[in-house]
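Given next, in structure tokens, is a single chain: the form predicted on its own.
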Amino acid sequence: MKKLLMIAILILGAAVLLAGGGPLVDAQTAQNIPKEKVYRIERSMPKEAIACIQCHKNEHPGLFSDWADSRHANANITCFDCHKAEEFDPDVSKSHYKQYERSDQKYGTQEYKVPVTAIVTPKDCSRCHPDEAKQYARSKHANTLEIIWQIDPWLKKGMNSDFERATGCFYCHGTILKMTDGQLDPETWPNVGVGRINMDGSRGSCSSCHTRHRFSVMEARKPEACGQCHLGPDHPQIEIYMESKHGDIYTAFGDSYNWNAAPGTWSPGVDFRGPTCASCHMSGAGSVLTSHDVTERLSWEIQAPLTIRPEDFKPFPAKTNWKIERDKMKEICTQCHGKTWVDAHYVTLDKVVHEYNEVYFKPAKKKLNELYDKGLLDKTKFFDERLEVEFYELWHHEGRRARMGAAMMAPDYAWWHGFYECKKRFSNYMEEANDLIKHNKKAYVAKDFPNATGNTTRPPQTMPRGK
């Protein structure tokens, strides 16, 4: 009987539905049935920001499309947020005001007039990225101009021209920005060098690694971002990396890496198989936090003439303890390698440092000092005598390659481009130096050394700031 009743109810319900009726639900029950929810986020932006976007969309479509595809655009961060300036700012663009006098542009009226600057500095970025800006400010990157003005003979001795510096050295190390006749001085701009000194007092340029106007985290994680400056005979980190097993893995599997993981979450074994420059020197792993201070995690200053601990590097002493920083790097390494492997690698690196210091650099420096003391080399300039060039390249070229090759596990650079070349240069250097001493003969001075016209006055902006 109950079965027949249930069948009758089902038939009745079906008949109602077929007749176009709805479910038999009373008003009270209807209130408890979930309704479709539409989530809508409405964002607004000032009219000046709309003017920026619409104008640049027409005038610079490549710039606009870069920004439109960025996380900044997704978060409603516009040109206005980064480029807005105050009337009294030293880097405010006077020429941009002419954009508000255009009759051919809807937004070219006084209604949208606002002071802007072409220069976006770490100080500007710090409004949203305070920790990153703070870490970057204490790094060797941000302070590289201060460093090279202390140690580089090309600058200190004026052995290259100001123009050669602008197109070479300062392209990566950074310029000291200045205005001339209301415009950014072309001798200092354009420039996105990591140690650029800005007119608001900040140092560096975030777009060195996160190129504008995409400002991509993905881009900065790839080794090519570092390779635009870290290459060549004196600091070939990109070549060394690509030769190493790490570089091999990146070449083979890099297309499958999750380059777009959220900042602070990019993890070895989860998002990538083999490390890049960023994953070792900046990204977090294990208990090691992400940092924009590339000076961290270093236990040797292997780019210096004599290898020393980072805190003993007089041009820019690190505010770190090398043992603590080595332990950080070891923890990064042990995300993929066993402790024995990692410890043994550092034993090898320490031996390489010792051999370079004791066998090559110290004897060569001692011989150079002897030549100066005996008056056989002239201290007035540098590079105008062949032995000065030989000594410089011994540490600045081959010596760096030997140490960096060992540190990053690239055998060809550690040996053939490194210690092998050290041996040749050291032997020739000593032979010529000893011959000058034996015959009490002064070295030949190049009277026609070209373009040694650079300014030797150290800019006040590069003086130490009491770090």
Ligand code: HEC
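When you see a residue number, it is the position in the sequence shown, counting from 1. Just so you know, these numbers come straight off a predicted model, no measurement behind them.
The discussion below concerns the form predicted in complex with the ligand, not included here.
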**Message:** Does any part of M404 reach within 4.5 Å of the ligand in the model of the complex? Heavy atoms only, please.
**Reply:** yes
**Prompt:** According to a 4.5 angstroms non-hydrogen atom cut-off, is R400 in contact with the ligand in the model of the complex?
**Reply:** yes
**Asked** With a 4.5 Å heavy atom cut-off, would you call G108 a contact of the ligand in the model of the complex?
**Response** yes
**Item:** Y360: touches the ligand in the model of the complex, heavy atom cutoff 4.5 angstroms
**Value:** no
**Contact residue in the model of the complex, from K367, H96, K157, R386 (heavy atom within 4.5 Å of the ligand)** = H96
**Asked** Can you pick the one in V288, I176, L376, A220 that has a heavy atom within 4.5 Å of the ligand in the model of the complex?
**Response** A220
**Asked** Quick one: which residues from 243-272 get a non-hydrogen atom within 4.5 Å of the ligand in the model of the complex?
**Response** K245, H246, I249, P263, G264, W266, P268, F272
